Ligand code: C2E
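Single chain ahead, by itself, as structure tokens, in the form predicted on its own.
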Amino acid sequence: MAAHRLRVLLLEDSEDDALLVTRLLGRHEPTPEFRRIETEAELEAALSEPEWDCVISDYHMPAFSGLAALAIVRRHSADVPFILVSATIGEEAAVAAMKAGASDYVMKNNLARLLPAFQRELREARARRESQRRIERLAYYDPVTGLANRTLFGERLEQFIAAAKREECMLAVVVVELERIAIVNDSLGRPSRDALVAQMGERLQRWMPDASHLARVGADRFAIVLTGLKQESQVAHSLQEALRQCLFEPFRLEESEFRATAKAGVALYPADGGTAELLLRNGEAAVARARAGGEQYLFYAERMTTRIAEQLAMEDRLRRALGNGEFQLHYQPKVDLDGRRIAAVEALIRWQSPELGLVYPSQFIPLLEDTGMILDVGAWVLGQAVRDHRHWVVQGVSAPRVAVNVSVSQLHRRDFVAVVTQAMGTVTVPPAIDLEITESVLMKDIQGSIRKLSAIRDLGLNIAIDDFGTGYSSLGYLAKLPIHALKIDRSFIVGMLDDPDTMTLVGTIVTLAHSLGLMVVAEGVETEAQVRALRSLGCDQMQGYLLGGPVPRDEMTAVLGRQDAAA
């Protein structure tokens, strides 16, 4: 970084005197940068610029006086050195100037004294600034760890709260309390206690490099603010990782090692408070409860602790489920409107948990999405659908096309096409697989979706837009997407018999799809009246509990066998 350039403001109406002053002060190292001015307006303009290191002013000037200049300078800065230079100033006037805030005065017949006075004032000004910085640092920073103290953390936290309010997201204040710190203080003394605290501060900063999110708020307490949160479980994961990283290795105290433990308390914005003071106080109340109850951490709202514990337990079960083969696919038929034959099936995941029994997707798919496990589980679903389709082929039944749902996380992965390619295997005739992708997912990155789906079509797969009508598709993009079918969202099918406008909308979707060469599938069909209406509108296929619910593979095998026998 470039060294600071000394800037000197010179108020002098005489060019000769100004030249003499600049020559004298030019001996200083580093050489100052000078600006000469003569009027009050010029002075006001100059003082609006970045800080000056010294102001040197003539006492008598035609436009205005040195005392007037001094008053203006002091209004802008109480600290910048101000040296008066005069040929006629008397002792009383000089004393009055010093009382008014001048740093020194030098007679023009003794200008040799100017350079030492200038250098002295620079040193003293620098010392005053450094002293002020030390005072301010003591007021806002912890001397042991160098982290923000409680006062500064509170100010920063208010800013974080304001940002969270604007962005409509959560934030968390986590209070971490080191345990057994009194033992260290009593047995090894305060230097060892401070060493322990300092090392903990260093480890927290390695885990959270942005120091504005950290503070030491008590003798044995640190505070962390976590921002941009969408759900509470993110706090638990972050906290567990922080404690693991910070406490895994022993601390070095003098010639010995010390294993430290910690408790933590969490307060959430906005649920647990809307101000920095309240959130920090509630975080401390939570850590006090954790200490009293022997828990590693607690949320301020006890129900939240229970909820997060249940969610983390569910996450752990889900991680084991994939490795233990607890997931299975059920298949729901898609039936032709005319012959009511099964033309395709949709693969729907189920979880057969040893502890919980059969778990339906609504209870665990959101958690898979939130944790990122949907990527591995989604790849498994695709591979299992391929295996089940081949099973039907080997069994000699009329194997239907199998539709597999794709999540936003899967589609937006860079290696999405590679994952699908791997699942398809290397057989000459690819399995009859369709991918179903919701309208809103496609529209998040339409150009990227077009590229990826075109590559998928080249693999021999078909692609359908699921839940059509609930998103915001552009008709122009709809024509460009490499798709083969639209699935009308069940909300339209349920409401079309009672609402003429909805019936018209369904008919319009069917006509639009057919004009683009697309097949139309109606979801959520539950009555014969809906079947008749869809037939009259020209819909191609339908799906719903009237026509059959999801069943395991072997049961679907039997259904397909009976259908073949009846043909």
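Only a predicted model underlies this, so the values are computations on that prediction, with no experimental measurement involved. Note that residue numbering follows the sequence shown and begins at 1.
Note that the form predicted together with this ligand isn't included here; everything after this is about it.
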_Partner absent here, but in the predicted bound form, which of 344 to 352, 116 to 124, 266 to 274, 186 to 194 has residues with a heavy atom within 4.5 Å of this ligand?_
344 to 352
*Have a look at 177, 436, 232, 439 for me and say which one sits with a heavy atom within 4.5 Å of this ligand in the predicted bound form.*
436
_Residue among 424, 243, 308, 365 with a heavy atom within 4.5 Å of this ligand in the predicted bound form_ = 365
*asked:* So, residue 370 and this ligand: in the predicted bound form, are they within 4.5 Å at any heavy atom pair?
replied: no
*Does this ligand get within 4.5 angstroms of any non-hydrogen atom of residue 525 in the predicted bound form?*
yes
_Proximity of residue 406 to this ligand in the predicted bound form, heavy atoms at 4.5 Å_ = yes
*Does residue 361 reach this ligand in the predicted bound form, with heavy atoms at most 4.5 Å apart?*
yes
_Under the 4.5 Å heavy atom criterion, name the residues of 224 to 240 that approach this ligand in the predicted bound form, in sequence order._
none
